[in-house]
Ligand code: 5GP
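Given next, in structure tokens, is a single chain: the form predicted on its own.
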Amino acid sequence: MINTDYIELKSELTSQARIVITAHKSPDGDAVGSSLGLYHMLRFAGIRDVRVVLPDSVPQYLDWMPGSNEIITHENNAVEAERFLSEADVIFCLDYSALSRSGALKKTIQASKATIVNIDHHQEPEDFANYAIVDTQASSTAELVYDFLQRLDLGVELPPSAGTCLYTGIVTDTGSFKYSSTRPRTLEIAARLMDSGVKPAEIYDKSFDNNKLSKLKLQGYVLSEKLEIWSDYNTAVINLTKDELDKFDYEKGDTEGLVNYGLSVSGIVLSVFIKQSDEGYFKMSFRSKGKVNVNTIARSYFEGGGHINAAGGRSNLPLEETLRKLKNILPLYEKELHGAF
């Protein structure tokens, strides 16, 4: 869905405009990368009053990105976050298809008189923006931000700081270009970002090969003790309680990618990762292969959603009841689970 008059929108992005860039709660590489990429480009084009405001903090494995220290979080500075949003002329909503995904920012965004620009690639987008650049076939929001900036034509070349952030968003949301969402345009953009000065080897090293020992030990524990196979449904399930996370000095981002280990097991077409939050409810990550639509599962049963093969949700039930509910749902998708491709 594209509902954008670029000439009209460009006229609102003046050097005097107050611009706030937002992304979803529990931000991942695409949320942070697309936000900071847009931030650097707008600043480089001469718009000085640009802020990135997120609901909560950036995970450790992403805090190296240029500009990450400039991010304002509602979690740590609610007054400042809400002030910038309420005073904004333009608010960008990146990498989320529903305002509920903006967490603590939702009410202030709803009350704002600012022009709202939504750039996103998730399924079933809600209609809440003045301008919408939404493509559910895109690999990432960072990919869409790159194309958005090219069409907007701000009169300057993409600076390396912006390119680095956008490349990080793309590479993390495509699983290093291995997911089915990777399309020719994705690789073309990656190549152009490299031409602009982006150094993929450095990004890989900082994003994927910069682990704490406690994180690696947590991964080892998960693989040896917590990975369960439900062979009747070609499904892998991992669950972690808060006590288990605390045992390994858990920090935000330490469980990123664990759900993919289940999907890597031969014959598995659905992987579910269940993690207890600080508030007690259980966060759920779904990954699948082929025709197993986890967006439908997450939306229908676990207050979530996302993409066809990657989605998130939550359960307010105790762990055993959450697992029982999941196991009772799977027979409804038996055909897909036994013939995913």
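Start at 1 and count along the sequence shown; that's the residue number. Not measured: the values here are computed from a predicted model.
Same protein, other form: the form predicted in complex with the named molecule, not shown, and the subject of what follows.
- The stretch among 304 to 312, 65 to 73, 34 to 42, 50 to 58 whose residues place heavy atoms within 4.5 Å of the named molecule in the predicted complex is 304 to 312.
- Proximity of Lys283 to the named molecule in the predicted complex falls within the 4.5 Å heavy atom cutoff.
- Although the named molecule is not shown here, in the predicted complex the stretch 96 to 130 places heavy atoms of Arg101, His122 within 4.5 Å of it, in sequence order.
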